[in-house]
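Next comes just one chain, in structure tokens: the form predicted on its own.
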């Protein structure tokens, strides 16, 4: 009996030892990523939250905890106005990039059957990124100015009699610039998801008598939603954190939360900048969490 019991315990001990080794291997594989996230994500955010409660005076900041900076932020029309302007421009740019980017992604990912050609078209979309971000932003000035290319074309075609002044140094110019800059981040993920659709599924739907719009509504759009969500996350995170485009194309008439942070840091008002940074981080977290609830990316991708 003793020998039989001992022989039965050996497989259990071997399995337990193997599970222990697997756990140790998993721990060492996860350790670098966890340490990286703690050092470069969790710790900076925690420090930003901590600094937001410091006492800010005109010429210095003291590590004495207070709610004064938070009260100043939420009681100031300037800061609240910048918050609502950021949200409004983000929503407009998000819709604009989707409206412009989805048809382009539909063409590249679904209608272009040649993979080499579709890859070449996607490469063409990212050619502007071969130049400096600031150059791409400033390039819109001669396009949108009173004597710029767009106004000249409209006047030569007889569409307008006078130059459209609102095209530059306005909220519209910021929206146009951001839409062009970030549209490619919407096109790429959607085109990738559309390229995964089996053509035989679409052919079967056509054989059953379904028209294009029904196929689009019942097959193409649902299968492309993971790409839409990924593209929306990319665009949202970058637009919400923007400051350079607004400063260059609005003539500093449009204040986003990013511009508030830059201004406060330049004035050495770290507590106010930290408050704006925390608000912006929370806003991004809410947006990303809401988008992730639309589609389960781990299941779909």
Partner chain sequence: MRLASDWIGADVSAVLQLKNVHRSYAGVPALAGIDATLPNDAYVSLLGPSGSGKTTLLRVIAGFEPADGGQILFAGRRIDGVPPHQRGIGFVFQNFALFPHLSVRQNIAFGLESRVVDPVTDVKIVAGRVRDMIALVGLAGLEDRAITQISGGQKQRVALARTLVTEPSMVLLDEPLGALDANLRTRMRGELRKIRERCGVTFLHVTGSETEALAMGDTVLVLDRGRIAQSADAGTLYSRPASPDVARFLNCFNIFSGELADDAFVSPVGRLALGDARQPSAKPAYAIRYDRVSIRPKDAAPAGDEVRIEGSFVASEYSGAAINSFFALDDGRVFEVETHLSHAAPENYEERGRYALVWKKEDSLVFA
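Just so you know, these numbers come straight off a predicted model, no measurement behind them. Positions refer to the first chain, counted from 1.
The same protein also exists as the form predicted in complex with the partner chain; that form is not shown, yet it is the one meant from here on.
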Among 97 to 105, 145 to 153, 205 to 213, 175 to 183, which stretch has residues whose heavy atoms lie within 4.5 Å of the partner chain in the predicted complex?
205 to 213
When the contact criterion is heavy atoms within 4.5 Å, does residue 198 count as touching the partner chain in the predicted complex?
yes
With the partner left out here, check for me: in the predicted complex, does some heavy atom of residue 222 sit within 4.5 Å of the partner chain?
yes
Decide whether residue 131 counts as a contact residue for the partner chain in the predicted complex under a heavy atom distance cut-off of 4.5 Å.
no
At 4.5 Å between heavy atoms, is residue 72 in contact with the partner chain in the predicted complex?
no
